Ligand SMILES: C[C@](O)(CO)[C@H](O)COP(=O)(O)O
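A lone chain, given as structure tokens: the form predicted alone.
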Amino acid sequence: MYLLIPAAGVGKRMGSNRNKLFLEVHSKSIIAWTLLAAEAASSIRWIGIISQPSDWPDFKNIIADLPLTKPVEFIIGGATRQESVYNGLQALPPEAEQVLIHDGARCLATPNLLNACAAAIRHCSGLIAAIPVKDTIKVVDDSGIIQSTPDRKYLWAAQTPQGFNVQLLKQCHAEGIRQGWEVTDDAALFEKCGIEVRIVEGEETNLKVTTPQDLAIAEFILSHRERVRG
């Protein structure tokens, strides 16, 4: 399985002006934990990091200190996540039939989740890891007035990995460019093109590290995992 990791984000919500994936949690950078999970996932055979070239030296220094056996390629990121994934798709080896896309900031995803998504995408065109929403969700207008309350049993919080048939995703990205669609994940492109996307049960701990509070939670989870292993 081929894995693309969008990794071009700047950590503004972290109060940082550099790539947030270089921030440390439990003695390693965020991206290091993501890469170690990919290394430990038996299904993953190739890794592509999509980022700005100015960050490549730092990524390479981090990778040099990790016990990775799988090839890691660097792909130039775009101005948006959507553009970055488009670039990543063009850089996939020609034999790639399916791809997993996983946010670099989701450093707590386990190898088991990566393997589950890799297995499931062989039997469908598109999927996302997701978890059922526990909170009651309110739809509000521009004035902050509640308009409706969707039935919670139909609501799932999207995570990554997200998996897709490569040719179909390329076609959906091309259609997105033609139509001027702006989306925050690749599943939304499939939805707009009328292609089914399935759910694979994600992990409660698979949070996206975007704020200092997230960093503290990630530190706690990684410390707990280390104690359990020890």
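From 1 onward, residues are counted along the sequence shown. All figures in this text were calculated on a predicted structure; none of them were measured in a lab.
The next section is about a form of this same protein that is not shown, the form predicted together with this ligand.
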Assert contact_stretch over 65 to 73, 193 to 201, 179 to 187, 36 to 44 against this ligand in the model of the complex, heavy atom within 4.5 Å, equals 179 to 187
Distance check, S29 to this ligand in the model of the complex, heavy atom within 4.5 Å = no
Considering only heavy atoms, tell me if A158 and this ligand come within 4.5 Å of each other in the model of the complex.
-> yes
Between 113 to 149 and this ligand in the model of the complex, list the residues on our side with a heavy atom within 4.5 Å.
-> none
